[in-house]
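A single chain, nothing else alongside it, follows as structure tokens in the form predicted alone.
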């Protein structure tokens, strides 16, 4: 695998299950066993009730675009070849919102409310990034 030049997330004990899920092609979300709240970002405690009794649940990987922006000026040289690209907030079917990229279509075709599904991009031995592409609901 070639060297990935863009910044990568640090894997912590709190986020390790999420990244292991991505590596296995699964979008896992933390769910509080005490109050039932599903949430994102991965964390070892529930942001609703502060319980540390957290489980990891398979997400459907489906959602809709809540909002987005088209990046036309790269934040660093590492992203220069990618512009223009889309950074979007995705409303997952399970409830949490997630920041990611929408790929697979020209950026100008992305719309608020567009159904999307997760796809995974392996960028290093440790990190596989979840991204989203459009899909048609049947």
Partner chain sequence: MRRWRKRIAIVGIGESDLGTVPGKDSYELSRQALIRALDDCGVRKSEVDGVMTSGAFSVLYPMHSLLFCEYVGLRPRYTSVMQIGGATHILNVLTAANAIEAGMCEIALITSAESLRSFAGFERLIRLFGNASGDMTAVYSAIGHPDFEVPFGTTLIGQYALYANRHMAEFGTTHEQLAQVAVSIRKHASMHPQAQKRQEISVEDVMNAKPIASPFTKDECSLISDGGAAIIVTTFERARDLKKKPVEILGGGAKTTQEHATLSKSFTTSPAVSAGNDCFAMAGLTPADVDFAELYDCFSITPLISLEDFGFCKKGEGGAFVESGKRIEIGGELPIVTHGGCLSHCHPGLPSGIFHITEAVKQLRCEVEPARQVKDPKVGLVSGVGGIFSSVTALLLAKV
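Positions refer to the first chain, counted from 1. Since the model is a prediction, treat every value here as computed from it, not as a measurement.
The discussion below concerns the form predicted in complex with its partner chain, not included here.
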item	value
Residue contact check: residue 75 to its partner chain in the model of the complex, 4.5 Å heavy atom	yes
Heavy atom of residue 80 within 4.5 Å of its partner chain in the model of the complex	no
Touches its partner chain in the model of the complex: residue 69 (any heavy atom, 4.5 Å)	yes
Proximity of residue 42 to its partner chain in the model of the complex, heavy atoms at 4.5 Å	yes
Residues 29, 59 and 135 all lining its partner chain in the model of the complex, heavy atom within 4.5 Å	no
